[in-house]
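Let's start with one chain on its own, the form predicted on its own, as structure tokens.
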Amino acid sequence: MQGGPQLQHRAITGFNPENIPFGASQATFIAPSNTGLGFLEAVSDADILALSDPDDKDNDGISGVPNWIELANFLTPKPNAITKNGKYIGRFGRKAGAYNLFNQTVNAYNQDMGIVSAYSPNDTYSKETLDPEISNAEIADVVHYLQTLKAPIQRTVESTQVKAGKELFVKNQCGACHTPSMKTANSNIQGLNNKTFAAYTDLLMHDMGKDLDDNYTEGSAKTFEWRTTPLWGLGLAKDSQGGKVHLMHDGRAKSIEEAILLHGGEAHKSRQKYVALSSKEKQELITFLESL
């Protein structure tokens, strides 16, 4: 791969921003929601694999697969981790390229903010190995904070329109990837220990079609595959995005309907089923999604 995982396109006075290397692939990502991440981290590998169907054996056109990644040297596999050819299941990031919240946090400090740590000591600008600018204890505190951020709570659950929209969500096979219910395994954080939750994701990679193929990959993920984005908190996105929504991995969709219509590949049938709905049914489905 040419270049690195992120482009530092801005710089302080006296330093030059990075340029995209010739021949390098590139993709634009917007920041994901950070709420409820502890639940996603606590799901067992076995449960994620149980949702996978690489050969589409049930013939529903959907064949989610894990992103198998190599672990950084500072990471320790979780208990009962499942491996494949020495690689492990990623679950965080648009391409599920990060193994856990520790991995995600270390990467974010180094790549997003240019802060080196004992875990990732190479400066993104000079490539030199530097003394840590943040302590291991501070990183551990941030990881614990992310693990314990409260998950979004669905609103207007008893609304007739919301209930009708949920039925359409299931009928249109949206839940085949945006799995309505998952369960955590054993966790030393009591609030995450063996809990059922509704994030509406399967944490798997899916073919999203050529229109969303950014020629970018991580781990074993193909360029047209993306991790199923959790839908919880979707109705609150506008509040955190300046009054407007910016959806999909790069924010190109400016409404929930636009995001649905960008779904291709394995989601093509679900998209077509949405297109075929009446105006009333479309609004019911959107209302349900806005309640999450």
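These figures come from a predicted structure and were not determined experimentally. A residue's number is simply how far along the shown sequence it sits, counting from 1.
Another form, the form predicted in complex with a small molecule, is not on view; read the next lines as being about it.
- Annotated contact segment (heavy atom within 4.5 Å of the small molecule in the model of the complex): 261 to 269, selected among 50 to 58, 34 to 42, 261 to 269, 66 to 74.
- Just one of Phe169, Phe92, Tyr119, Phe102 comes within 4.5 Å of the small molecule in the model of the complex, counting any heavy atom, and that one is Phe169.
- Interface membership of Thr223, defined by any non-hydrogen atom within 4.5 Å of the small molecule in the model of the complex, is ruled out.
- Within 4.5 Å of some heavy atom of the small molecule in the model of the complex lies at least one heavy atom of Cys174.
- Under a 4.5 angstroms non-hydrogen atom cutoff, the small molecule in the model of the complex lacks Leu146 among its neighbouring residues.
- Although the partner is absent here, Met248 sits close enough that one of its heavy atoms falls within 4.5 Å of the small molecule in the model of the complex.
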